[in-house]
Every structure is written in structure tokens, then in C-alpha cells.
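Given as C-alpha cells, the chain that follows is alone and in the form predicted alone.
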Amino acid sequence: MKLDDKDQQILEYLQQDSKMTNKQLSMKLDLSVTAVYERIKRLEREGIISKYVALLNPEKVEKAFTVFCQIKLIQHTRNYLTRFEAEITSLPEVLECFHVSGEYDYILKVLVKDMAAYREFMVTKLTTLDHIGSTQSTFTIEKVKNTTAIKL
């Protein structure tokens, strides 16, 4: 789907504040409320807007310790990959999981309260998965950039 300037502006505004009303958008874009509504519905239908979410402040919910954990599997068979992916998606501490190329097979973004909570996660959950050969954890010092907005 080709996005025109108005579509792109709508997407930029909604990425900043998805609770912005159609009326507010119409005033910013010099479009009618109906035109804004129809454009947003089309963007949703086409899958460009996939969902609306509330972003939480990790510090306020005691989940500010961010760890990137690299995983190497024992084998690279379809069965091992499928089982690992099914098991890892069920762990609430894992916010993101990427299948990657290179020395490791997966990179996980893990959010927990602190180092003790991460150790507990490793000991009771991650290392109990049979098909993991090795892990390497990288602990974040400070967030330099953290955005969910995609520049169009």
C-alpha cells in the first residue's frame, strides 16, 4: 500500500500518542474527522497499524533491570528450534526474542527487577530448557535510546 503524506502524518502522530482522537488529528492535518477515520480504518485493515498498546514505565513496575541474553542451541534441527521458540515465548520475563545469525542462535531481551531476579530466572527457567548449549548475558548500564516509533 502506498502511503501519502497525510497517511504518514497520521502514523507519526499515533506513534507519539495513540489516544489522540480523530478530531484532534483532523485539526492538525486539516482534514475532516470522517477522512481521518477512514484513513485510520484503511491503515488498520491493511495491517500497517497492527495494534494499540499502553507502554509502561519499567521502573514504576519494578522491572527496570534489562538484560540481553544470547543463546546457543545444542542442535539446529527444526524440532529444537520449534521447541525452544515455544518454550521461550511462554516466559513472561522475555519481552523480545530474535532468531539471529552469527555465533549465537537467539538474542533475548529480558526485563526483571534486579540481578537477583535475573539469577532466579536463569536458574529456575532458562537453564532448565534441555536444548540450550550455552548462554551469554549482557547487562545494560543505561538506556541511551529507547523508542517504539518507526520513522517513515
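Numbering starts at 1 and follows the sequence shown. Model, not experiment: these values are computed from the prediction.
Beyond the structure shown, there is the form predicted in complex with the DNA, which is absent from this document and is the topic of what follows.
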Exercise. Scan V61, A35, V123, I48 and let me know which has any heavy atom within 4.5 Å of the DNA in the model of the complex.
Key: A35
Self-check item: Heavy atom within 4.5 Å of the DNA in the model of the complex - residue from C97, L31, L111, L43
Solution: L31
Practice problem: Find out whether any non-hydrogen atom of T21 is located within 4.5 angstroms of the DNA in the model of the complex, and reply yes or no. | Solution: yes
Quiz item: Heavy atoms within 4.5 Å of the DNA in the model of the complex: which of the stretches 51-59, 35-43, 115-123, 88-96 has them?
Solution: 35-43
